[in-house]
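Okay, here we've got a single chain as structure tokens, the form predicted on its own, with questions on binding and movement later.
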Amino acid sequence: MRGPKPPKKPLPLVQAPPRGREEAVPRLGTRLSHNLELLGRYLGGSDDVVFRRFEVAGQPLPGAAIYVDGLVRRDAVDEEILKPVMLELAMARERNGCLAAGEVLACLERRAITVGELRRTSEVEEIVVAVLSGDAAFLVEGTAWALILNTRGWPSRAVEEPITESLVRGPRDGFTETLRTNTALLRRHLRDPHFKIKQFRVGRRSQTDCALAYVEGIVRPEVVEEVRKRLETIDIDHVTETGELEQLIEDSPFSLFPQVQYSERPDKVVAGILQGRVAILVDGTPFVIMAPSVFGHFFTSPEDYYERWLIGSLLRFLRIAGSYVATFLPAIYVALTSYHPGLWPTPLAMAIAATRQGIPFPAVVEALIMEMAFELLREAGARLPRPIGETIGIVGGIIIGDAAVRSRLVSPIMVVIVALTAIASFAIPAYNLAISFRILRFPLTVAAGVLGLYGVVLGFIIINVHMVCLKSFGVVYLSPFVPYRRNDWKDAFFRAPIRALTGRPVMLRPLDRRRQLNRKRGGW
């Protein structure tokens, strides 16, 4: 049976009352018809919302089940709710006669309904949000309570290997768009009883399910409280992705550098939680954000720890070196070519001068044109379907580069510089940090074209001053370099052997600083 038609002036969506004004929370009454009419004001008028009315078997009492078709497991509604209600109460009447309304609800709750998770409530707002989240509500005549039954079972994507964070060696499971699946993946990797998951909702209209994940006894309670406080202050209609939460809770929203790290790999998130950080999960997205996050976190990869320390150190050093190449190489080339050609070796300077014969643009304009063309190609390749995008990126780059060189618009050495810059930017594992370096490349190139190497050095100083002033939930962004923390340098530019990583990062100030025993101290 479908729900009653909504009134001419429907009630507003269920949401928190405005600040400074308290409103009475609507509650259920004892008459089933009144309760269905009250719930119909919020849920009626939608064809996917089902109001299933029936007679409780063996009892002269009408009942009703409310759920959203498509968000529930139909077999759970039929086999674990409706069928047990019909059979169990009929047998209860044969044993004890007719039951009162309160006894009927208690019998359903304790003996009849076999759903694993259920709770009682009388608040209309809680019932509406639960039904719209995929639960089923069960009501009986003569009682002011409703049973909320966990019947969520919407279609979801299977656990697959992450696309944005592929590894040669490591686990192949990745987060999905279902919150409960993601929390289960974290539980599978971390079976510590102190591992806590606290669920909450964000969005006045979307009522998006979110969760905080952390380990008590490792993370500082001040960090958890600060994250919770910032999330509670969010007043927005709808939250779709963790990127929206990231922008709403970060310390410096106008900075180019990301202050919150995200990942779709459970092993990477678990490693961050065990360092003393807090993970934030949002239903509907496979990306999980972690805070606090410092600059060095964006250069780490789980593969650094799965390989021996020499290999992991080399890979990390290549990423850090690639970030400098991706940011400063075009600017340094422009500065040396325009203002300081004497710094080039003589054969190289003569070769560069020969390739620039007949080029109508100065080096700075040439660099900006090529960088902009490459960024357009990269963006077009990312937005097109994958087979077409890969073709556009490769073929387009070759054709445009060759045509630009043949037409004498750019020099061949500039094509090489832009290609090296692009390859270096691909080595950065964090996509959001790579975008920051791509943006910084343009003002640095302009500064090099105006002031030469002095402009490059000045830009480098400004970037470092800005990064020193940044904080992520109370942690200095450039830790452990500023302030200097000697113990944390073992896992910074290079990775020390796994046996030497006995403590957690001091910069996060975890409550439990020991992650493994030291052999030299008689631990093994």
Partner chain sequence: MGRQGKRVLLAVVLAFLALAPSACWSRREIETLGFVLALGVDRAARQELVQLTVQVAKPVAIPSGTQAGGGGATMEKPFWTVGGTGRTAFEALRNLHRLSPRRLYLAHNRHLIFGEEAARQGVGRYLDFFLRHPQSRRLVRVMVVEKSRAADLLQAEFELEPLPAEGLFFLEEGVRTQLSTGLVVELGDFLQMLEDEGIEPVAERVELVRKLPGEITGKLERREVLSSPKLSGAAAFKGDRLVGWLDERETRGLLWVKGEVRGGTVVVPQPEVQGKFATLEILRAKSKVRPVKKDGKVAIAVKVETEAELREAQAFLDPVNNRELLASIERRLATAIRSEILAAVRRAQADLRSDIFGFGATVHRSLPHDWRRLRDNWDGLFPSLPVEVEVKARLRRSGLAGRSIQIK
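Please read all numbers here as calculations on a predicted model, not as lab measurements. Numbering follows the first chain given and starts at 1.
The form predicted in complex with the partner chain exists for this protein as well; it is not shown, and the discussion that follows is about that form.
Comment: the partner chain is not present in this chain, but in the predicted bound form one of 293, 421, 337, 143 has a heavy atom within 4.5 Å of it, namely 337. Comment: the partner chain is not present in this chain, but in the predicted bound form one of 342, 221, 116, 385 has a heavy atom within 4.5 Å of it, namely 342. The stretch among 195-203, 442-450, 177-185, 302-310 whose residues place heavy atoms within 4.5 Å of the partner chain in the predicted bound form is 442-450. Shown here without its partner, the chain carries 153, 167 and 270, none of which come within 4.5 Å of the partner chain in the predicted bound form through any heavy atom.
Among heavy atoms of residue 498, none comes within 4.5 Å of the partner chain in the predicted bound form.
Interface membership of residue 362, defined by any non-hydrogen atom within 4.5 Å of the partner chain in the predicted bound form, is confirmed. Shown alone here, residue 244 lies farther than 4.5 Å from the partner chain in the predicted bound form, counting heavy atoms only.
Taking the partner from elsewhere, residue 466 is found to have a heavy atom lying within 4.5 Å of the partner chain in the predicted bound form. Residues of 321-336 that come within 4.5 Å of the partner chain in the predicted bound form, judged by any heavy atom, do not exist; none qualify.
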